[in-house]
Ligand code: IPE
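Encoded as C-alpha cells, the following chain is the form predicted on its own, with no partner shown.
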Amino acid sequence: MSKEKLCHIGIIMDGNGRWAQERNLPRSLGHREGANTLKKLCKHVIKLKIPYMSVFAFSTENFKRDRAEVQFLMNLFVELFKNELDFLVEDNVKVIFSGEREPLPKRVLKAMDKIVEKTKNNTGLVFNVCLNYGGKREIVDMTKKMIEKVQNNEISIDEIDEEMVRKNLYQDLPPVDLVIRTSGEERISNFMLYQCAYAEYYFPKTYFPDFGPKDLDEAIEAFGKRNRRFGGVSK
C-alpha cells in the first residue's frame, strides 16, 4: 500500500440516511452508525500515520433538512465530542474545526471548544472536523479577513499570494491530497474548494456506515497508482 505522498486525506461521509432507509430504519440510526464508522476510520488513519484528516460532518446547507434530523445530529455531535472521542486525546490527536459558529447551538459550541482545548497541545494526527462548513463561505470569509488587514495596513495588496490566502482560511492546513466521497455520488458538494484544487478523487458506491478500514486501504492503494502531474507533463 503506497502512502508516501499522502499527507492530507478528506472524507465526505455520505449515505448515512440512505443506509438506514434501505433497512427500514430511521435516518437517525444511519447517522449513529456513521459515527461508529468514523471512530474506526480515525483509529486506522492514526495507525497509518497520515498527518492530516478532514471530514465533512455538517454543511451550511444541511440546516435545510428536517428539523428533527438536524436536532438529532446536533445532539449526536455533543455526545461524540463529550464521550466518544476520548481515544483522540489518548492517541495524541489534535482536533480542530472548520466552519462558522453561528447558528450552532451553545451546547455544541461548548463541546467543540472543550475537545479543542483538551487536544491543542497534541502533536499527532490533525483531525479537522468541517462542521457548519461551506467551501464558498470559507472563501468569502477569507476575502473579508484579507480586506480588513489591508484596510488596517497590516498587509499590502502586493503581499497577497496563494500561501497567504491559505493561511487566512478557517485553518492553516496543507492541500488535500485525496478526497473520498462514499455512497456513489460523484461531486464534492462545497467541500474545501481551495484546499482540494489538485486533490485526487475516489467515489466508492459504499454507504459511509459500511466504509471500513479495509475500504480505506483500497482507496489509498488506488491513490498510490495515480499519476499526479500538477499541470505538468509526465517524464
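From 1 onward, residues are counted along the sequence shown. Keep in mind that what you see is a predicted model, and the values were worked out from it rather than measured.
Keep in mind the form predicted together with this ligand is missing from the figure; the text below concerns it.
- For the candidate set V129, L73, I115, V93, a heavy atom within 4.5 Å of this ligand in the predicted complex is found for exactly one residue, namely L73.
- Heavy atoms within 4.5 Å of this ligand in the predicted complex map, among the stretches 55-63, 36-44, 166-174, 197-205, onto 55-63 alone.
- By the criterion of a heavy atom within 4.5 Å, G15 is counted among the residues contacting this ligand in the predicted complex.
- When contacts are judged by a 4.5 Å heavy atom cut-off, R27 counts as touching this ligand in the predicted complex.
- Residue contact check for H31: one or more of its heavy atoms lie within 4.5 Å of this ligand in the predicted complex.
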